[in-house]
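Shown here is one chain on its own, the form predicted on its own, set out as structure tokens.
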């Protein structure tokens, strides 16, 4: 797969795949300001927790270039405002993780503003490269659970398009696909209301010649009952220190159904997705535009004024999680003590 997002050295701007156009068109956007990057994140032209983390890092680098600061204090003030602008989505922790990391680099740097700007550009590119390495490690760490001829159930998109290149769940599938000479299959849940599973995951898997079957979210129980899948592998937008996993709406339902049918339920995510501070009761779940449910691909499907509840994410409790697979290691049957051990490894 191509890269979802990359820094263009020749022009000091960012090129990213416009995910709102997929799978019918593959188009790139050129982003040259942090405000435009914030818009791209908010409107989901780029989406997926690791991908928007990389986008936020590059957005901060763009802000540094835009600042025109003559002193470090001026630069820091501009960057702090830019971080507030870029933090447009409240649930995925990678977004604030990246803006905070960039601010910390700027605060710790010495020298004139031009030097600090170059440091921030380098740091943004390093965030992206780290993501590629972390995803590969996630895929390798998952091999103990994924066997030849397995069929993997997914939801939403945690593939290349949700990261810089390889994906989190995408890495689990792709590394196993490589290792087992193609003997891996995928069932992809459509993922209402934005259909990222249908539009993005199926597109990615078919591009890589991975045997993939699309189902609607409501078919998951039947698919599990009929024994069509061997395990579930999902991504995460935020994992709490308690082992609670926040991911695309529908993940909790899948986890409950998997538990009933004795199907392993794995979560694949980098360490940057883990929030060590927030308590489960304080987690903010993003609610999105009601028209995402009232309208499909520009066509109204219900009464235009129908009352809508549209949370973008749900939270799966740790007792439903078989293992959390990260780039640093694996936590089986997660709880707070085991998560703390992962942090210290």
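What you are looking at is a predicted structure, and each value in this text was computed from that prediction instead of being measured. Positions refer to the first chain, counted from 1.
Although it is not shown, the form predicted in complex with a small molecule is what the next lines describe.
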Quick one: which of 246 to 254, 103 to 111, 79 to 87, 224 to 232 gets within 4.5 Å of the small molecule in the predicted bound form, going by heavy atoms?
246 to 254
Wondering, does residue 34 line up within 4.5 Å of the small molecule in the predicted bound form on heavy atoms?
no
Even though the small molecule is not shown here, does residue 58 get within 4.5 Å of it in the predicted bound form, heavy atoms only?
no
Does the 4.5 Å heavy atom contact test between residue 49 and the small molecule in the predicted bound form come out positive?
yes
The small molecule contact in the predicted bound form: residue 44, any heavy atom under 4.5 Å
yes
Considering non-hydrogen atoms and a 4.5 Å limit, which listed residue (171, 156, 98, 239) is close to the small molecule in the predicted bound form?
156
